[in-house]
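First, one chain by itself: the form predicted alone, in structure tokens.
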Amino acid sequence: MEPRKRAILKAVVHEFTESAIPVGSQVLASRYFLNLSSATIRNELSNLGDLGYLIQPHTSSGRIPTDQGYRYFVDFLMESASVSSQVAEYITEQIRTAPADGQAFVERVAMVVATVTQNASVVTAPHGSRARLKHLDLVSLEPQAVLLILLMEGNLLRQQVLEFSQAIGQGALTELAHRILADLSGRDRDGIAKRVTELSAGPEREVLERILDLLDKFEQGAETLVVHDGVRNLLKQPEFSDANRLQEVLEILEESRHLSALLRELIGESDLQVVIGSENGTEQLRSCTVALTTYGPSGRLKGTLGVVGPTRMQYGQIVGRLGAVARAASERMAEMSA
């Protein structure tokens, strides 16, 4: 695209993002291009329309970007906005004090994303392809009752009471826990299952079989744990003044299992993905932009955070603030996992 067309498209996106009003040549001439006549700008706007980057809602109105226009802007013209010190301090403070509990942590991240982006937020729990053992404790409750405390990577905690087939004292339980950790720390379900096949009946096998059961339940739950926040922000956007349009988006946000699969599909192997309007494969989101990034303490343990909003959004600011939240969340998780 010619430099002048690029500059005019960029100005139209910026102006329409701020005002939600179709942008005319006179506004562009007075605010952005003092050296160009309104006639020259009208001609360029017409050319950008012919190329598919702008549309004119009504014959006498100004122009607004199409999905193709937003895509060109994001790919070639967008500049990731710096995060102000006030916003950065808010993000840092809120994430630094986030609860260590898995779901509560995700809820805090979702709240922060919604607050700093003023859109609806979506956040998935960080999880790897398989849950991995980090630490365990065995605490004697009664002669044959034992509390299993299981800690997985990402500081995800599970507890369960076991009923052993024979009485076992605290000293033996502590020794058993140390032996299991020495052999299996960092192992996933397959590694632990292999160890079970090598053992005959006894306390160690009973503990490992229960750990396998907990890992199975965790992996099934982690796949579908999605938290959203900030739906109230959508109500402020003129694009969602139509109740039916808002209801379509709400239906997607409320269906956790489908939303979890959708977010995994959209982000793929990328660290940042911006899906605009008609690019969305889901019909209910074809009037929206979904902007996503990843977070987590390691390459193996990864979650997704992002926003759902109108295609008319401040893309540079959104991307910058999503990155800031992702970094803070990753650092907090690394601290919790240490």
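Think of the rigid core as the biggest set of C-alphas that the two forms share within 1.5 Å after superposition. Counting begins at 1, following the sequence as shown. The structure presented is a predicted model; accordingly, all values stated were derived computationally and were not measured.
Not pictured, yet referred to below: the form predicted together with a further copy of the same chain.
Stretch-level contact check against a further copy of the same chain in the predicted complex with heavy atoms at 4.5 Å: of 263-271, 135-143, 84-92, 194-202, the positive one is 135-143.
For the options Glu251, Asp213, Asp190, Glu79, the one in contact with a further copy of the same chain in the predicted complex, meaning a heavy atom within 4.5 Å, is Glu251.
Think of it this way: in the predicted complex, a further copy of the same chain has a heavy atom of just one of Ile149, Ala172, Leu184, Val74 within 4.5 Å, and the residue is Ile149.
For the three marked residues, Asp101, Gln159 and Lys236, a heavy atom of each sits within 4.5 Å of a further copy of the same chain in the predicted complex. The closest non-hydrogen atom of Glu335 lies within 4.5 Å of a further copy of the same chain in the predicted complex.
In the predicted complex, a further copy of the same chain sits within 4.5 Å of a heavy atom of Ala243. Using a 4.5 angstroms limit between non-hydrogen atoms, His178 touches a further copy of the same chain in the predicted complex. At least one heavy atom of Arg232 is located within 4.5 Å of a further copy of the same chain in the predicted complex. In the core-superposed comparison between the shown form and the other one, the C-alpha atom of Gln103 has shifted by less than 2 angstroms.
In this overlay on the rigid core, Glu175 has a C-alpha that sits 2 Å or more away from its partner position between the shown form and the other one. Annotation: Cα of Leu162 displaced by at least 2 Å between the shown form and the other one, core superposition.
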